[in-house]
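There is one chain below, alone, in C-alpha cells, taken in the form predicted on its own.
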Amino acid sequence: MKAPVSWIKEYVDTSLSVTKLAEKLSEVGIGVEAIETHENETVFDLEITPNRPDWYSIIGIAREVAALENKKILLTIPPIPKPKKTLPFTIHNNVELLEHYSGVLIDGVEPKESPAWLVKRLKQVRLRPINAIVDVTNYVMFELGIPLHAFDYDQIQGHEFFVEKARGGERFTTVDNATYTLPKDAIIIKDKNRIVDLVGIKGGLNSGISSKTKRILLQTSYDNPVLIRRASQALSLRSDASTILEKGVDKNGMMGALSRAVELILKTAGGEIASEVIDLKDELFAPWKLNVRSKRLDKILGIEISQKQVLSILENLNLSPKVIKDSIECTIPTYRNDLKIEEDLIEEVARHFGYNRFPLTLPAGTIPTIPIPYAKPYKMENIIKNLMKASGFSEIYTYSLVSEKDIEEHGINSEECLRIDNPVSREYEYLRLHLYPQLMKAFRQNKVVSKTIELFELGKVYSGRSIKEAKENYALCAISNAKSFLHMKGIFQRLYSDLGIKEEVTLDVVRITNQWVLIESVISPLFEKAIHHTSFKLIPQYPPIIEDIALVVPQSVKTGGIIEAIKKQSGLIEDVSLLDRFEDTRTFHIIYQSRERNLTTVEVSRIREKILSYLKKTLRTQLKERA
C-alpha cells in the first residue's frame, strides 16, 4: 500500500522525521518496505498484514502514529445534509450478502475534472484520475478504508435494485469495458432487467459514471468477505476494493464513509441531496468488551509492565481501558476486527511497549535427543546430495503426484500405487511408486539442449494399495549418459561408505540402454544403520608411495573382494581402488603410507609380493605380464 506522508500528517500532528516515523511504524508491525518520492512528496510503500484491514487506509495508519505519540486524530466528518427533493429508489437487500448497506441520491452533479489536490493524491497512491465523482469514491476508499461506488441514477432501469447471488455463467461487462463470465455465488446487483454491479469487485459499464451523468446513487456496503474472495479468485480479477473487502472492513464504518464522500462530491462536482439516507442492517454493530488480566499479561510477556503504562498504551489505541479488580476491561471499536481474545490485547501492549525493549534471554529447557516423528533427515540428505553433486550430477525436484499415463508407460501396475480420491487433475492422480519415470522424462527434455546429462533426485516414494497399507520411503535415483554402470554403482557404494554402512549396495531399479544408465535405490532403511559420528585423522607428514598393479582376474571374482584382500596384507596400505578394467584385466591403484616414517622401496616390494602371493592362492589372480 502507498501512503503519502503529507496525507498522514493531515490527520495527526506528528513531529517525527520521515526516517524516524518509518522506523516507528515498522516496530509496531506496519512494515515500511521503501521510502519513495511521487508527485514531489515522500510516500511510504507499506506491507500490511492480512489481519489488519484497518491499516489499508490512511486514517488507519494515522491512528497508529497518534497512538505512538499520544495524540488525537484530526478528522471531522459533517453529517449528510437533509434532502431538498426526493427521487424514487428502492433496494431489495439480502443481509446474508450485504450485512450493512448505506446509500444516498445526489441530483445536479457535474462529473468534471477533479481539482489538483485530489488528482495529486490519487497519483501518489498509483490510481488514474477519471472524474470528480469516481475520484472521490477512490479517495475516500484510501482515506477511510471503506470502498464506495457511484451509479448513474438515470441508467438504473426501474430505479430499483435487487441484491442476489450469481447463478453462474452470466456475462457481465465492467466499467473498464472487459467482459467476464460470472462464477456461481458471486454477489451481484441487478436492476429491473440487467446485472449492473459485480459487488465489491467491479461496477458495470451499463450504469457507470460518464460525462453525461446528472444524477447519481452513491453507495457503500459491508460485503460477505468469503464470497468476494471466491469470486475474485475465480475470475482472476482483483481490485483495490476487493483486496480490502475480502479481509473484512468496519461494519460500522459505512455511514462515515458515505458522509465523507458526499461532503467531497458536493465540493468538487456540485449537486444537492435528493433522497433520505438509506441505511439497511439487521443488527446494531456496537463495540464489544474484552478483558485482560494483569497476571496473565505478565506471564505471557515474561516481563512486568506497570499498570499505568499498560493503561496509557490501551488508551492511546482508543480502547477505553478501565481497571476492574485484577483485570483491565477494554471497549473494542468496530474497526478493530482483529481483537477477539485476551491474547490479542496482550499483543497490543507488547507492540506499543516495544519488542526491542524486552530483555534478551536464552530459551530454557534441554536440547531434545530423540528425533520427533517425521523429522527430516537433513544430515543424511546433505551427505547424499553433496556426494552426488561432487560426482557431477545436477539435482532436480519433480512432483510426488503423477498421472496414470506416466505409470503405465513404464510398466508399473497402477493398482500398486496409491490413488488420490480428489485429484486436482488427471495429471496428478497417483502418488509415485518410483522416481525413475520422471527422471527419464527430465532426461529427454534436457537432451534437446545438452549433450552430457547427469541428473539425480532424492525424494519420497509411496507404496501400498490402500491408506492402511501405505508406506513412505526415501529413494535416490540417478541417470547419466556419460558414466558406465560400474561407475554409477561405485558412486552408490561410496555413498554407503560415507554413511558408515558396511552392507552391500542394494539397487532396486537398473535400466541400461544405449542412451543412459539409470539406478534407483530405496535408502530409508539405511538411515537407521548409518553411523552418525565423524572421526578425523591427522594429515600424514610422510609422503606416500603409489603404484598401479594390473591383475588377470577370473570373471567370477568380485572387485570388492580383491580390494579387501589387498588391504588385509599390511597396515601400511592406506587405500586401494579400481583404476581400470579391460577384458580379464583389472588395474588397481594402491597407496602405501606410514604415519611414523618414510617407506622404502624394499618395504613396498615385500608387501607387493605378499599381495600377489595371497591373491594367487585364494582368488586365482595373477600379475598381468607385460607384452
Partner chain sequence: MEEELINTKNTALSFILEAKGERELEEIRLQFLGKSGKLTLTIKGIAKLPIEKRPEIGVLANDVKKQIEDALGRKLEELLSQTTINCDIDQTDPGIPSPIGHLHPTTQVLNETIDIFKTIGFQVADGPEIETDYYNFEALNIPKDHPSRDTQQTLFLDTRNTNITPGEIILRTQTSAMQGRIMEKIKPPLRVIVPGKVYRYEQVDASHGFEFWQLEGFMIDKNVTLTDLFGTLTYFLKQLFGEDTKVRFTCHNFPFVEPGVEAYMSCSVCKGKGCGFCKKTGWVEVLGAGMIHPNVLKTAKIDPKEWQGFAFGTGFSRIIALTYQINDLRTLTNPDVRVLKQF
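Positions refer to the first chain, counted from 1. All figures in this text were calculated on a predicted structure; none of them were measured in a lab. Between two forms, the rigid core is defined as the largest C-alpha subset superposing within 1.5 Å.
Same protein, other form: the form predicted in complex with its partner chain, not shown, and the subject of what follows.
> Within 4.5 Å of its partner chain in the predicted bound form, do we find a heavy atom from each of Tyr11, Ile273 and Thr331?
Checking in the predicted bound form: none of Tyr11, Ile273 and Thr331 is within 4.5 Å of its partner chain.
> Looking at the partner-bound form in the predicted bound form, is Thr49 within 4.5 Å of its partner chain by any heavy atom?
Heavy-atom contact with its partner chain at 4.5 Å: present for Thr49.
> Tyr180 versus its partner chain, in the predicted bound form: is there a non-hydrogen atom within 4.5 Å?
Contact check for Tyr180: no, nothing within 4.5 Å of its partner chain in the predicted bound form.
> Examine Ile341 and determine whether its closest non-hydrogen atom to its partner chain in the predicted bound form is within 4.5 angstroms.
Looking in the predicted bound form, residue contacts with its partner chain include Ile341, since a heavy atom lies within 4.5 Å.
> Just to confirm, Arg432 within 4.5 Å of its partner chain in the predicted bound form by heavy atoms?
Although its partner chain is absent here, Arg432 would touch it in the predicted bound form, with heavy atoms inside 4.5 Å.
> When its partner chain is placed as it is in the predicted bound form, which of 460-468, 137-145, 512-520, 273-281 ends up with heavy atoms within 4.5 Å of it?
That would be 460-468.
> Please tell me which of Ser294, Thr398, Asn291, Asn316 lies within 4.5 Å of its partner chain in the predicted bound form, judged by heavy atoms.
Spelling it out, the residue with a heavy atom inside the cut-off is Thr398.
> Among Ser320, Ser210, Thr86, Ser450, which has at least one heavy atom within 4.5 Å of its partner chain in the predicted bound form?
None of the others qualify; the residue that does is Ser450.
> Even though the chain is shown alone, can you say which residues of 418-433 have a heavy atom within 4.5 Å of its partner chain in the predicted bound form?
If the 4.5 Å heavy-atom criterion is applied to its partner chain in the predicted bound form, 418-433 yields Leu418, Arg419, Ile420, Asp421, Asn422, Pro423, Val424, Tyr428, Leu431, Arg432.
> With both forms fitted on the core, check whether the Cα of Leu182 differs by 2 Å or more between this form and the one not shown.
Leu182 C-alpha, core-superposed: shift of less than 2 Å.
> Any chance the CA of Lys308 moves 2 angstroms or more between this form and the one not shown, core superposed?
Comparing forms between this form and the one not shown, the Lys308 CA shifts below 2 Å.
> Quick check on Ser210: with the core superposed, does its CA move 2 angstroms or more between this form and the one not shown?
No, its C-alpha moves less than 2 Å.
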